[in-house]
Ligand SMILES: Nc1ncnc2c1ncn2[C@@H]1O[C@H](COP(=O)(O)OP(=O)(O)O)[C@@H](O)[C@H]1O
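In structure tokens, one chain follows: the form predicted alone.
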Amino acid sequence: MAREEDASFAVALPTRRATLRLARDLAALLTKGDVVFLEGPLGAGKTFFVRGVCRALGVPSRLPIQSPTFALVNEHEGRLPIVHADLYRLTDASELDEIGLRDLLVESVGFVEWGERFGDAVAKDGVVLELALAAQGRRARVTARGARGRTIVEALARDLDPRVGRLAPP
């Protein structure tokens, strides 16, 4: 849940290439323990975005990066350990312990699809990336949660690749 004082910006992602640039730019800022919440409807590109970040973090292209919808959690090794979780099928925050997600997130860079509904039970600090389909491609809203999230979002906004188009504030 974004708070009013948190940093936020929106970008147009008219092409897959623009989405991959944003993924690469975000990957450059992440360290162990960072969590990125991915929100948006089915087909909005959440897993595609994670694939882009994983490649930027050094996961070889010969290794598949797939949606963890049925597995719930996928782990990948790049320059940092990566956890990709999909919480769509979970109904209660107590299930986070059953799948060991909180422990995994401490030692990894975490990407959590459909995780915002569990809020602080997943992580108090991080980045929320909301993807949506647009008339041309996609659009994203990037919002900080907490101090570390603010640091990441402000750096991402400052250093955003100019080929990724920033939108006017809402």
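The shown structure was predicted, so the numbers you read here are calculated from the model rather than taken from an experiment. For every residue, the number given is its place in the sequence shown, counted from 1.
Another form, the form predicted in complex with the named molecule, is not on view; read the next lines as being about it.
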- Using 4.5 Å between non-hydrogen atoms, is Ala23 touching the named molecule in the predicted complex? no
- Item | is_contact(Glu113, the named molecule) in the predicted complex, heavy atom dist at most 4.5 Å | yes
- Determine whether any heavy atom of Gly33 comes within 4.5 Å of a heavy atom of the named molecule in the predicted complex, and answer yes or no. no
- Closest heavy atom of Ser108 to the named molecule in the predicted complex, within 4.5 Å or not? no
- None of Leu29, Leu104, Ala44, Ala121 but one has a heavy atom within 4.5 Å of the named molecule in the predicted complex; the exception is Ala44
- Item | Contact set, 13 to 27 vs the named molecule in the predicted complex - heavy atom within 4.5 angstroms | Leu13, Pro14, Thr15, Arg16, Thr19
